Structure formats: C-alpha cells, structure tokens
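Single chain ahead, by itself, as structure tokens, in the form predicted on its own.
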C-alpha cells in the first residue's frame, strides 16, 4: 500500500494569490490530502481536501465549522487533537473525544493527533490521549510536540516504539509528524509508519513534490 501524505498548511499562506499558486503547483495524487485554511477550500477542488479542525455541531458557535458543513462541502478528512489546538485553544481530551464522535457520525475520515511534550513520558501521554480513540477513526498521527516546527525530528527508531504502542491499541493506520521533510520521511516509512503528516515542508513545493 502506498504511503499517505497529509499536508497541514495551518494558518498559511497569507493571501489568496499564494494559495492559488500552491494549489496549482501541487500535482494531484490520490495519496495526498491537502488541509488548507477553510477559507481556501474552494481553490482546491481538484485535490483531496481535509479540514484542520472541526466543532461538534451546527448552531450558535461563532467562528466554528461543523461536521455537517464539512460533509456538505465534500471535505472528507479532518484533523482533530492537534497539539496546537490542545495548547493554544485549551482543548481537552474530553472535548476531542466528543469531536471525534461527531465527525465519525458524519462519516468523516478522522486523523487523531497524539504526542508528548519535551520531558514527558511518551507512552504515558499516548495512553491518556488514545482515550479519545473511537472505532472507525481513519488514522492516528504520532507527533511529538517538541519536534513540531523545530527541525529537530524524532529519531525514527524511537518513533517506532510509539508506532508499536499505538498500533497495538488501535489497529489502524499510524502516521508520523514533526519536522518531516524529503530527507527524512522515508526513514519513518521503513519503520512501518503508513504515511506522514507534514507541516512546514508542505508549503514548499519542491519539498512536497519530492515526497510525492
């Protein structure tokens, strides 16, 4: 099976012009899912698209997107539990679990993010965060928080321990994320990861094309 590449653009790029350029330059590939800011969904109709976040329901929740909305826009994938959502927006495991259930109800393909901060025990944190796992989740992304955006990627052999721990408990696809680029992503595939969740490198066309 070919590896998956989930491209998380986060709050980038800063203009419609640049978003158009990125979408135009990225070759379509059925194994690649682009997760742009939601305001750019309409620009990426020729690609597989995912959302970077989702709320529980439609209603009086200013600034949020609901699973129903994503489904109506034909957005098939959604990232939940990303460390930036946990840290900056104070999302708890309990809230993330409810979000997972709501998205699965709409048959969205959930990518659940888990991972420890520097100094934390990896398996202890994974055990707690995997309490958010529900049957039917599309993939779990192991992203050690200390590696995200730092260029200090996790040693692939160390990441393998997290991979085995997650696989044993979920029986689903497991991706690696955290300073992934074209120079190191094959090392994670060799360890048994089913793909990668790419942040900054996904905004670099040369880097993304190399991985594809």
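Numbering follows the first chain given and starts at 1. None of the values given here were measured: they were computed from a predicted structure.
Not pictured, yet referred to below: the form predicted in complex with a small molecule.
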{"query": "Heavy atom contact within 4.5 Å of the small molecule in the predicted bound form, the stretch among 31-39, 161-169, 55-63, 146-154", "finding": "146-154"}
{"query": "Partner proximity in the predicted bound form: residue 179 to the small molecule, non-hydrogen atom cutoff 4.5 Å", "finding": "yes"}
{"query": "Partner contact for residue 13 in the predicted bound form: the small molecule, 4.5 angstroms, heavy atom", "finding": "no"}
